[in-house]
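We begin with a single chain expressed as structure tokens, specifically the form predicted alone.
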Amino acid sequence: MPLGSEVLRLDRVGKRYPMGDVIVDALVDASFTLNEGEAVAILGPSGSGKSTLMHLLGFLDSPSSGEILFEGRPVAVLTESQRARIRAEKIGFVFQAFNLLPRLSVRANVALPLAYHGSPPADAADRVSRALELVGMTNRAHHKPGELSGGQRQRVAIARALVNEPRILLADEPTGNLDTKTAAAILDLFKELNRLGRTIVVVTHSPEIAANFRRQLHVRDGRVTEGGSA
């Protein structure tokens, strides 16, 4: 499908951390653009800087240098409250560990982001139903996470990330806790969501996983380079 407008831009972004008496460059001069409708894999070994990059893309951390722009606006000028609102409304997060609340039903877990800033929207019930339908979990809506398989729990986590209809879906090693067959099904779900227009960014250490995505960003020793495309 044709790509849409620019969503996120990094311009010579760097991130440094003090470790004792040493300053470590976790990310060095990263520059690239993410456009609406893209499917991107961020690929790199453990310790390469890909998790740091993920945190910066989701405004969970701030860069030490350079500039990040979201929808054309420098993130540095936003207040923490404004950044939190963007995270809640325009960026969906999916994690390897699912992070579901065990005492809540599937439906209640998916609905959680809707009440992040107070009262949920009037169409909250419809949004939850649409998100569950997208991931094929409508018939498990009243189950608890402990009653689901790993693949089903990850589908619920994806539905929760989608419920606010975000512009970008960020997934950190989303197949890491799944067997090969279940991982393939989750990757197929990401492909279908992208086909429907969702912007997908998946962080992975696996070249096999990355090969499923149209664009690949390789991270090594804190430096980001463009790779191949699927």
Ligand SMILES: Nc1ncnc2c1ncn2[C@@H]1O[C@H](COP(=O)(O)OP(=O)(O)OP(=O)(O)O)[C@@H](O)[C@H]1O
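Throughout, we count residues from 1 along the sequence that is shown. Keep in mind that this is a model prediction, so the values were computed, not measured.
Just so you know, the form predicted together with the ligand exists too; it's not on screen, but the next bit is about it.
Remark: Arg195 does not count among the residues lining the ligand in the predicted bound form, judged by a heavy atom distance of 4.5 Å or less. Among heavy atoms of Val24, some come within 4.5 Å of the ligand in the predicted bound form.
Taking non-hydrogen atoms only, Lys191 never approaches the ligand to within 4.5 angstroms in the predicted bound form.
Using a 4.5 angstroms limit between non-hydrogen atoms, Glu173 touches the ligand in the predicted bound form. Stretch-level contact check against the ligand in the predicted bound form with heavy atoms at 4.5 Å: of 66 to 74, 176 to 184, 158 to 166, 47 to 55, the positive one is 47 to 55.
Between the options Gln96, Ser149, Thr138, Gln82, the residue in contact with the ligand in the predicted bound form by a heavy atom within 4.5 angstroms is Gln96. Contacts with the ligand in the predicted bound form, taken as any heavy atom within 4.5 Å, map within 200 to 224 to His205 alone.
Expansion of the Thr180-Gln96 CA spacing by 3 Å or more is recorded in the predicted bound form, set against this form.
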